[in-house]
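Before any questions on binding or motion, here is one chain by itself as structure tokens, the form predicted on its own.
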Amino acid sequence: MDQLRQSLLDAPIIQKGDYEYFVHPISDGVPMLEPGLLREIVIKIIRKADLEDVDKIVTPAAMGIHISTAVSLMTDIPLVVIRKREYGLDGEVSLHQQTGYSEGDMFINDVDEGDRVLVLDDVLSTGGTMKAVLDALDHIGADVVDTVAIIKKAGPTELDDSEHNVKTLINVTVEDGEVVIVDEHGDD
């Protein structure tokens, strides 16, 4: 994970209220995402995630889309994007998510009871989005085979007391305006 590690160490930090936020191509789309970094991440996801019998990859909009699209292309597993816009389609399920710096409603389509899904997201920070997504998938009756976030911002999350385990590729924290690598191998 040399490229991911270095890109995080080089990431600028901005303040959003009381929240220290790193700006990174995986989580923000800026600076530019180099193909080699995306390739490295996708290979690591494919090696780390349990993909056996997965029917669908599920990702929240927006920053999980590019990662999940690349994984879908490499595995031939269809992709479902959880949108921030309501479409009113049959079977659409709404969820409310809250992060360290925002909140809003999201909508799941094309996931049915019994579907075996892999949930992918860019960052696990407060766990607000991931918890809302996993709770909604449980409500639908989907079988969450595995859950992976690329980057985990170390610290407590809303998932700590839940039955959900989120695998990560790398764990970081922000100290004195800089990204610090806590675990370069992430969580299993």
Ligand SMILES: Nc1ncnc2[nH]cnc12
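Since we're looking at a predicted model, the values are computed, not measured. Numbers for residues come from their place in the sequence shown, where the first is 1.
The form predicted in complex with this ligand is left out here; the points below concern that form.
With this ligand omitted here, the record of contacts in the model of the complex names 120-128 of 49-57, 135-143, 35-43, 120-128, defined by a heavy atom within 4.5 Å.
In the model of the complex, this ligand sits beyond 4.5 Å of every heavy atom of residue 69. Counting a residue when any of its non-hydrogen atoms is within 4.5 Å of this ligand in the model of the complex, the hits in 9-42 run 19, 20, 21, 22, 27, 28.
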